[in-house]
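Listed next as structure tokens is one chain, alone, in the form predicted on its own.
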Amino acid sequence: MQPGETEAPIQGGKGLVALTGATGFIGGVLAEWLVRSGWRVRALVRSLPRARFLHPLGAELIQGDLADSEALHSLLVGVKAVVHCAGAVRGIDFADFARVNVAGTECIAALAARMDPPPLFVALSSLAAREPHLSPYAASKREGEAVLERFSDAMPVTILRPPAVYGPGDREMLPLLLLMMRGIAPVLGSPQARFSMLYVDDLSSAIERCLVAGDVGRGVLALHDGRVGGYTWDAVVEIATRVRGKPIRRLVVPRGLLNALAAISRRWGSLTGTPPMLTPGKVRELTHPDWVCDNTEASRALAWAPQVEFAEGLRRTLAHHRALKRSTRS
């Protein structure tokens, strides 16, 4: 389907799902995936105009945020499941992230646990939660998981830990992918580092499998795209070279340069009140040598298997970007 095109939503009978974070990259893709899979979606959104792309899906929109108990009650009443995708990814200190990733998670989980009957609660965490010492973001995601674990006796809770997620609509990894297609591959951290990745459609299918499976009783489940042992930078560049059809030059970015840029970004964010993306904590995340995970337990518990490895995911992401550029010119 080309950007700007929509299909008639399927009025499915699987049930009603409450969704947070629907206007973000993952949440937007997931909302469409759920509707196409036969679910009805009710989404919590802070801005109705920003969420207008959800209208063709037939999604019900509740205006508010995770601190608005009245909006949360309207979101949750009568739902079969909650998919909590909302999260803060930009900030300077722990408090910047904790307002959403910890306090916001506690607000929606506490209210969901009091519903009769309580819904299935599926939460999107991050592989960063495995290393909470690295950054305020990672610490906030781990604390958010701990909050949910306290409610697991009152309602079925499944926590998903994806690695780096990419695909059409992503704005964080896209600049890196486009730079590789121009012939330069920045290597962040050690060239020997290993990491897992996950295409956004595979993440969406895993979340939908959680809804179908119900209470799997497994707590935290890690996900990846099926590549056992993850990727090295050499592997990523080799795959990107095949997709590009031309050589790609590796450019190792010194950690000192990343730290300097992070210090500038943090200072600028403090002066302007704009949450920065690149911070000292983010540098520690980017240069961590091991972001490989194991999806064996998730595959067994959910009867789920990823379908898209990096080569195909890169092709789809680039094709979507090109189509989007064409549509904005016409």
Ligand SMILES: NC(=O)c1ccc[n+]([C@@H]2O[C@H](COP(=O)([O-])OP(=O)(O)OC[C@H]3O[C@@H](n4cnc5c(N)ncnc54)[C@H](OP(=O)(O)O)[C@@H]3O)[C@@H](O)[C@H]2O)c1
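For every residue, the number given is its place in the sequence shown, counted from 1. These figures come from a predicted structure and were not determined experimentally.
There is also a form predicted in complex with this ligand; it is not shown, and the following applies to it.
Student: Please identify the residue among A240, I108, A86, L120 with any heavy atom within 4.5 Å of this ligand in the predicted bound form.
Tutor: Contact with this ligand in the predicted bound form is made by A86 alone.
Student: Given that this ligand is left out here, which of S196, S135, S204, S126 has a heavy atom within 4.5 Å of it in the predicted bound form?
Tutor: In short, S126.
Student: May I ask you to state whether E60 is within 4.5 Å of this ligand in the predicted bound form, using heavy atom distances?
Tutor: No, no contact at 4.5 Å.
Student: Contact with this ligand in the predicted bound form for T23, defined as at least one heavy atom pair within 4.5 Å: yes or no?
Tutor: Taking the distances in the predicted bound form, the answer for T23 is yes, it comes within 4.5 Å of this ligand.
Student: Just checking whether E297 would be counted as a contact of this ligand in the predicted bound form - the rule being heavy atoms within 4.5 angstroms.
Tutor: No - in the predicted bound form, heavy atoms of E297 and this ligand never come within 4.5 Å of each other.
Student: Classify L76 as contacting or not contacting this ligand in the predicted bound form by the rule of any non-hydrogen atom within 4.5 angstroms, answering yes or no.
Tutor: Contact check for L76: no, nothing within 4.5 Å of this ligand in the predicted bound form.
Student: Is it true that R46, L66 and P163 each have at least one non-hydrogen atom within 4.5 Å of this ligand in the predicted bound form?
Tutor: Yes, all three are in contact.
Student: The chain here is shown without this ligand. Which stretch in 259 to 267, 283 to 291, 298 to 306, 23 to 31 comes within 4.5 angstroms of it in the predicted bound form, by heavy atom distance?
Tutor: Partner-contacting stretch among the options: 23 to 31.
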